[in-house]
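Encoded as structure tokens, the following chain is the form predicted alone, with no partner shown.
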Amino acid sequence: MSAGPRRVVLRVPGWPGHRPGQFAMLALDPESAHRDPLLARPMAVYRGDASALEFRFKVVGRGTRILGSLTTGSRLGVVGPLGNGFPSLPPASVLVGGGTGIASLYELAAHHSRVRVLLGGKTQEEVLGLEDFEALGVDLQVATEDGSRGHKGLVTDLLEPEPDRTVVACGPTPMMWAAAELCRKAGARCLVSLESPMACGFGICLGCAIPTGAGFRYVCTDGPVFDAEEIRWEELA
């Protein structure tokens, strides 16, 4: 099995619709009395409509390995849409995505043609959904740590925030923290979409608490989208 991103498409009759940045909880073996793995996985909706949803992710453990190897006709439990999603963005906003965080940004880019998109990964193969972003015709730049595509280095190397502009970042915590610091120094607004392990997705398990200036908040119900200035990054990292 390759180390690249995985793709799962689900038929979800009656899906009520969602906003870019919202997510769903996917449960394996939904009809089994003894599910294995037991807990559902939070997954950003990559794209979707009233009949089908697409998810993109990377294998990081047993649950995602099983999810990535499912065959046509397999059944999953789906709870969603969850979270607050992204607000409408002003023109000339910048989207910064790294790793599996890129999955949260595709529909946002598709809804806002006048955005600049910066995507990063360790290798070209790990830049999730690259061909889809290219097909959107947006202003796109790519960074890879091994230099296999675009700039050799980190995706935040490409970020040059401008005052009073909006930056949206989603990816590994160090990447988002770096983007938030660049934006703070430049006087730009920075929104981040956080990723966190959770068991329920709607505020019952309290497993996705994050430190903010206003106390602990929950990625599932208060987020996953937050203003970067709210986050106490030094405690989250």
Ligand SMILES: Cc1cc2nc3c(=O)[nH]c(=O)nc-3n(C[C@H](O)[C@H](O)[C@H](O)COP(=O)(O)OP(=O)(O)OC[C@H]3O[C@@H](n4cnc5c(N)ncnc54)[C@H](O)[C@@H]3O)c2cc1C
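Just so we're clear, the structure is a prediction, and the values are computed from it rather than from any experiment. Numbers for residues come from their place in the sequence shown, where the first is 1.
Quick note: we don't show the form predicted in complex with the ligand, though the next part is all about it.
Visitor: I'd like to know whether P197 contacts the ligand in the predicted complex, with contact meaning heavy atoms within 4.5 angstroms.
Guide: So P197 counts as contacting the ligand.
Visitor: Does at least one non-hydrogen atom of T100 fall within 4.5 angstroms of the ligand in the predicted complex?
Guide: Yes, T100 sits close enough to the ligand in the predicted complex that at least one of its heavy atoms falls within 4.5 Å.
Visitor: With a cut-off of 4.5 Å between heavy atoms, is W177 one of the residues that contacts the ligand in the predicted complex?
Guide: Taking the distances in the predicted complex, the answer for W177 is no, it never comes within 4.5 Å of the ligand.
Visitor: Just checking whether G187 would be counted as a contact of the ligand in the predicted complex - the rule being heavy atoms within 4.5 angstroms.
Guide: G187 lies outside the contact set for the ligand.
Visitor: Determine the residues of 214 to 234 with a heavy atom within 4.5 Å of the ligand in the predicted complex and present them in sequence order; the list may be empty.
Guide: Heavy-atom contacts within 4.5 Å come from P224 alone.
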